[in-house]
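Below, in structure tokens: the form predicted on its own, a single chain.
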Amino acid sequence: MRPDPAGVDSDAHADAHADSHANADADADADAVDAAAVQQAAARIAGHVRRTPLWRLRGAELGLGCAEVWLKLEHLQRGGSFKARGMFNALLARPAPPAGVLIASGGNAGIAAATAAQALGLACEVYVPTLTGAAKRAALAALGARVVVGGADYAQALAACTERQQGSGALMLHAYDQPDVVAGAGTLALEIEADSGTGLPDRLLASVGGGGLVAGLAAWVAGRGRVEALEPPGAPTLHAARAAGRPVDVGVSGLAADALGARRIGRIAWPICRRWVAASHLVPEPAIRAAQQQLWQVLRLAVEPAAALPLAALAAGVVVPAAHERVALVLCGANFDPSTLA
């Protein structure tokens, strides 16, 4: 390779130039996800998604020392997860594509996209990794989606989906890295604030995969409360990015990998999280499983492991709120095999 006149390798210079453009695009997309965008999303998807219940409990009812625990029951959402908000918002924000939609997903985003596509009369093709469970694959098939196994993990499924989209005429949705998808997720926080009767909680806890959920929540809260991110050790996208000071690839493994299976934090989520997310925590897998069982045995709430991270963080002492605090937990999904709760 020949050095350029400035003495910098020309390929490296080109890569750095491309990276700077990518970062600028990500910052611009992140800036587009603000409270106004969340309000617009809420108006757009009203009547298409459910306004899920907010259940307020005394902390003592769950063996916790905080004053109140608010459970946002988003596992009751259409398609079984919060993802329906972003998918409906993305499809309603533009003219319907005649060729339908494509998406790569570990399961929940695909189910949400298929749910939205079916409701709007569109064809849907979903690329899943081999680790996607049978329950999620069956849900996709029941919604009329064409299911394609696109590789061993989410990143490989995304690559296969991207290749398929080229020249297809279909709209490619992203599980977490599009402004409309992130703004749609933020409507959760808008509802919590509106429905609580007392405004925002002191803390709002949510699990992280690619970061679309926590970024949407943080964009709405915008420093008016404490948003904290939770991840299992086997999929620490945000935690690793915070440690490195930039998004980095991580390995993906463990019991929540099909729902929290991104290799790195989303390009839109990263600048939002860097600005507005107060902390990220790793939650041990035994605590996640115990919290999932507790939600079922004590409250009869059947949720997938990814949805149990917020309670697990409190029960295991990973997050320790003060005695007077009100803590909101997002129960983000329920697409799993319920026989595992026996």
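These numbers were taken from a predicted model, which means no experiment stands behind them. Position 1 is the first residue in the sequence shown; the rest follow in order.
Although it is not shown, the form predicted in complex with another copy of the chain is what the next lines describe.
- [ ] May I ask you to choose, among A28, A302, A35, A278, the residue with a heavy atom within 4.5 Å of another copy of the chain in the model of the complex?
- [x] None of the others qualify; the residue that does is A302.
Open item on the list: Can you work out which of A240, L73, L131, V147 has a heavy atom no more than 4.5 Å from another copy of the chain in the model of the complex?
Closed with: Here the answer is residue option L73.
Open item on the list: another copy of the chain is absent from this chain, but in the model of the complex, do Y127, A138 and P286 each have a non-hydrogen atom within 4.5 Å of it?
Closed with: Looking in the model of the complex, the three residues Y127, A138 and P286 all stay beyond 4.5 Å of another copy of the chain (heavy atoms).
- [ ] Among 269-277, 36-44, 308-316, 51-59, mark the stretch whose residues have heavy atoms within 4.5 Å of another copy of the chain in the model of the complex.
- [x] Careful reading of the contacts points to 51-59.
Open item on the list: in the model of the complex, is there a heavy atom of another copy of the chain that lies within 4.5 Å of any heavy atom of V298, even though the partner is absent here?
Closed with: Although another copy of the chain is absent here, V298 would touch it in the model of the complex, with heavy atoms inside 4.5 Å.
TODO: Answer for R263 alone: is it within 4.5 Å of another copy of the chain in the model of the complex, judged on heavy atom distances?
DONE: No - in the model of the complex, heavy atoms of R263 and another copy of the chain never come within 4.5 Å of each other.
TODO: May I ask you to check whether R164 falls inside a 4.5 Å heavy atom distance of another copy of the chain in the model of the complex?
DONE: Residue-level check for R164: no, no contact with another copy of the chain.
- [ ] Examine R226 and determine whether its closest non-hydrogen atom to another copy of the chain in the model of the complex is within 4.5 angstroms.
- [x] Contact with another copy of the chain, no.
Open item on the list: With the partner left out here, which residues of 310-339 have a non-hydrogen atom within 4.5 Å of another copy of the chain in the model of the complex?
Closed with: Read in sequence order, the residues that approach another copy of the chain (within 4.5 Å, in the model of the complex) are A334, N335, F336, D337, P338, S339.
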